[in-house]
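In the form predicted alone, a lone chain appears below as structure tokens.
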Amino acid sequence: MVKESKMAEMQRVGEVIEASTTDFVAQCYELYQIPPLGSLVKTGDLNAELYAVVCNAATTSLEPGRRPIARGKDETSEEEIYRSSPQLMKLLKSEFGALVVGHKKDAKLYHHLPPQPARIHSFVYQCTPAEVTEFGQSFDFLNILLNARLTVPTEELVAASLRQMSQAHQDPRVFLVAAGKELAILLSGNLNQLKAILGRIRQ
């Protein structure tokens, strides 16, 4: 019960609607309230907590195959569109995909895939700065990001993830330098990709 109370205090951003061993898709409760690309989120139950990196997002129609149409020809701002057509908020949905990069069981943190995927309808929370700092103490999760097959370019996701994690550290530069050294080892045979990621980290 203590664990459930602690989870309730965190920022809940959505709910799992699709899951596999390697990733999950969550639907946001509020339209456009999507966690930033590369941010660390968590889900789970009383047995284990799953940590994942947000790897893509989309806002689409609730009805499959039906695309929203332009409505702002006679409006002066986007806000006016939603004000004059309030039903739009109930016709659209925002979702995000998250790549599982670790899990915690019995208070021990692992930087590899969990034995079971996330449960459907599990709540998804934005990780706190303390959780991000704890998770970022090891760069073992980088291998998962580098080898994942995603719609977002690997360089963009890795860089976004490290930028997001660095914000939770007292000295972001120290964290990014350490991450850069780890990437230099992992990508010693792919200097072009290494250069691309390092260039994006500094932005």
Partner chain sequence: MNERLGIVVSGSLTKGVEVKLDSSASIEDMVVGRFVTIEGQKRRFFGMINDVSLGVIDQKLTVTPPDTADPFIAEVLAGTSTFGTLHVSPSLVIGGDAIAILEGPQPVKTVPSHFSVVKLATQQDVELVFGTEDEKRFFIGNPLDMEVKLCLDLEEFVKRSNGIFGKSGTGKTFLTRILLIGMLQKSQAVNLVFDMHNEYGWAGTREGGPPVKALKQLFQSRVAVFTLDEENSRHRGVSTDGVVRIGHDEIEPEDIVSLRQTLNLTEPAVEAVYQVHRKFGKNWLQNTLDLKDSEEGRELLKELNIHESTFQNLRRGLATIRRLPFTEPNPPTNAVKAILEHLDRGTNVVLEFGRYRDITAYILVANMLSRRIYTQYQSRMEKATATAKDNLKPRPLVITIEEAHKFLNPEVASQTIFGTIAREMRKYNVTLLVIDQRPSGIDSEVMSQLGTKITCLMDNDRDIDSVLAGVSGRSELKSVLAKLAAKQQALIFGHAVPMPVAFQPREYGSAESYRDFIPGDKAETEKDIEELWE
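Keep in mind it's a predicted model, so treat the numbers as computed, not measured. Numbering follows the first chain given and starts at 1.
Below: the form predicted in complex with its partner chain, not depicted.
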Applying a 4.5 Å heavy atom distance criterion, does L176 contact its partner chain in the predicted complex? yes
S188 versus its partner chain, in the predicted complex: is there a non-hydrogen atom within 4.5 Å? yes
Is L194 a contact residue for its partner chain in the predicted complex, using a 4.5 Å heavy atom cut-off? yes
If contact means a heavy atom within 4.5 Å, which one of 168-176, 65-73, 24-32, 42-50 is the stretch that engages its partner chain in the predicted complex? 168-176
For this chain shown on its own, do H111, L142 and I144 all sit within 4.5 Å of its partner chain in the predicted complex, going by heavy atoms? no
